[in-house]
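Only one chain is included here, represented as structure tokens and corresponding to the form predicted on its own.
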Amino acid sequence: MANQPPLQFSLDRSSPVPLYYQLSQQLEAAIEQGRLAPGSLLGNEIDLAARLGLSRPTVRQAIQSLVDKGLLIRRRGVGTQVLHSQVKRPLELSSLYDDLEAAGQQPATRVLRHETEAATAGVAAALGVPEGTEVLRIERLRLAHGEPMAHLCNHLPVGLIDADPARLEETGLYRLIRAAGITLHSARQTVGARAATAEEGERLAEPEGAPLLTMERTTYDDTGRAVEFGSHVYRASRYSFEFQLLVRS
């Protein structure tokens, strides 16, 4: 590998799993774990094939599978370069900021709106307050490695926490809620998908009509009180949700 010590790969030639797939999986893991940093270059296909004792077509197929996933890009005159990995977020009660930080994605935040407004019927129902009640509306753009990842819109009861814009740009919303002595206990969440509007595409650096993941979540504290309602959109090209499914006995 260029610009860093060579990675070590373990290929099982007796396995029924194709060698190209074994290599692509290990390369993908190295990208997701940060051992192959964004912007770094893969070595020449011939050199990599020789080092691993593989044919050049096998190495090319492994690399192409990661190009197709958007993890690598072939640049003429430069070589094959690592792009930012896709964030895989488990479906659990955690914040995007914490998930990005745990994945080594260097999260950053831009606060777009921070104001009180009258709760719409939908927001009021989620927070369990009368329609028209004053609530705090926070809109943020969440970035990773300087690239937009998601547009986050949250509504909270007024006075619940000290959530001034400067603090929101330094840390995640859930951290501020916990710092206020509130214990987050559970949430009700809906995940969906739709096409980006022109405004969303411009905000998230995607073309109009690009696929977006959507999420609506109402979070409750340990007394059963609704403390936050979020309506978020994520770039499907950079983001996915992971589910763990169990057999019901």
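Each residue number is its position in the shown sequence, starting from 1. Keep in mind it's a predicted model, so treat the numbers as computed, not measured. Take the two forms, superpose them, and find the largest set of C-alpha atoms that agree within 1.5 Å; that set is the rigid core.
Here the subject shifts to the form predicted together with the DNA, a form of this protein not shown in this document.
Does G79 reach the DNA in the predicted complex, with heavy atoms at most 4.5 Å apart? Yes, G79 is a contact residue.
May I ask you to check whether Q26 falls inside a 4.5 Å heavy atom distance of the DNA in the predicted complex? Although the DNA is absent here, Q26 would stay clear of it in the predicted complex, with no heavy atoms inside 4.5 Å.
Hey, in the predicted complex, is E200 touching the DNA, heavy atoms inside 4.5 Å? Contact check for E200: no, nothing within 4.5 Å of the DNA in the predicted complex.
Using a 4.5 angstroms cut-off on non-hydrogen atoms, would Y20 count as touching the DNA in the predicted complex? Because a heavy atom of Y20 falls inside 4.5 Å of the DNA in the predicted complex, the answer is yes.
For the interface check, one of 184-192, 215-223, 37-45, 202-210 should have non-hydrogen atoms within 4.5 Å of the DNA in the predicted complex; which one? In the other structure, the partner sits against 37-45.
Tell me, which of R178, R74, R113, R110 has a heavy atom within 4.5 angstroms of the DNA in the predicted complex? The residue from R178, R74, R113, R110 that makes the contact is R74.
Residues within 4.5 Å of the DNA in the predicted complex, restricted to 51-68 and counted by heavy atom: Residues within 4.5 Å: G53, L54, S55, R56, P57, T58, R60, Q61.
Superpose on the rigid core, then tell me if the C-alpha of V227 is displaced by 2 angstroms or more between the shown form and the other one. Superposed on the core, V227 moves its C-alpha less than 2 Å between the shown form and the other one.
Could you check, with the core superposed, whether the Cα atom of G201 shifts 2 Å or more between the shown form and the other one? It does not, since the G201 C-alpha is displaced less than 2 Å between the shown form and the other one after the core fit.
Is_shifted A210 between the shown form and the other one (CA, 2 Å cut-off, rigid core): No, the C-alpha moves less than 2 Å.
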